[in-house]
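Only one chain is shown below, in structure tokens, and it's the form predicted alone.
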């Protein structure tokens, strides 16, 4: 039995011995998927279970939690960054963010035993403690699923683990899920809960008309097509692609292999002609994960769209809606989630326009940045930063850092995004966000490729200078 499985069994035993469990989870797609896996697996055991969703595990929130009699607490997709503050609390943790006290000088594959955390009250399952990269090889939902699997016959919940991993962009770097995520995927495939295929990796393959898939493409931006509906329609017509079946707009899944190949080939030529690196062309194709138990042509049938729907719930304080959708509601809560998504998409467009209208992204030597002020909600700041970094209109060789006014506490929210290439060179944004924010009286953490922080107001310039210096050191730039 491997150490990760042993830890999952240890946590499951502790959960089985508890009549009452309170789940506390993060608000993004991975967090909602994690909470849903935890809730459903405990419910099947007959446990009295409730839940709540939070943006960040702050000290004030921890005090509030400790003052209430919640029984055993299960932190999902958070908690590892606040281990010292959790001491004395009866809890279990299934998280994938880099743990507090991570010896960053130790290579990931050698960390394992060096990072073992023990406490009489706390049981923690975190991939980083076993030499597994929590940014790409196991998500929070995946970590939670490993425990759910020990609680009972819960392989059907592998679907939600895949949704969480895809929502956490863990299939982006390689164009497919890897590591422990892939083992979970294989379980779902073998039981018929999940299907996979090689296809275009655009958003909206199920729910959007074909021309809309191209019109709203942003990773990468399609030159001459993204944002221009008429140009997208003309492009498809020029390739003799039928746009409708009767009165219904065709969608990507309606196309045969020849039609798909023709479109992707022409898009690839267009990108290369405009000077895009070949990796942008390669990134258009990869594994797509679908769920045969869901209706074809709906957002819930494909992992990327499912996770986007969940993100729109959590980012606007409606985590319960996303959880109910994960648990099977296809009426009231699904309609509410779809309404939230429409609003979410509108907000993202407005945020992108705001960045452009206020001078765009500014550059330093190894960092580029923008400030959203109070016009960009802090709950979508990281999403906007990632969209801009992947747009093809900024330098992907520079780290993206974004600021916005925090909506729930005094000060600024900071979000940072990097690329796999920068991480391979030594970038660790979790370390940057944690150490720089702490030096300014704030707090932060996350993953090597994506992390966040809170800092006092007025510290953005000093933050950038310190982050720039630290990133230079990580990348070996004098």
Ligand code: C5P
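Please read these numbers as outputs of a predicted model, since none were measured by experiment. Positions refer to the first chain, counted from 1.
What comes next is about the form predicted together with cytidine-5'-monophosphate (C5P), which is not displayed.
This chain is displayed alone, yet in the predicted complex one of 314, 382, 188, 99 has a heavy atom within 4.5 Å of cytidine-5'-monophosphate (C5P); that residue is 382. Residue 169 is the only one of 86, 169, 323, 93 with a heavy atom lying within 4.5 Å of cytidine-5'-monophosphate (C5P) in the predicted complex.
In the predicted complex, cytidine-5'-monophosphate (C5P) sits beyond 4.5 Å of every heavy atom of residue 47. Among heavy atoms of residue 415, some come within 4.5 Å of cytidine-5'-monophosphate (C5P) in the predicted complex. Taking non-hydrogen atoms only, residue 454 approaches cytidine-5'-monophosphate (C5P) to within 4.5 angstroms in the predicted complex.
Interface residue remark: residue 427 is not counted as part of the site for cytidine-5'-monophosphate (C5P) in the predicted complex, having no heavy atom within 4.5 Å. Scanning 432-464 for heavy atoms within 4.5 Å of cytidine-5'-monophosphate (C5P) in the predicted complex gives 443, 444, 445, 446, 447, 449, 450, 451, 452, 453, 454 in sequence order.
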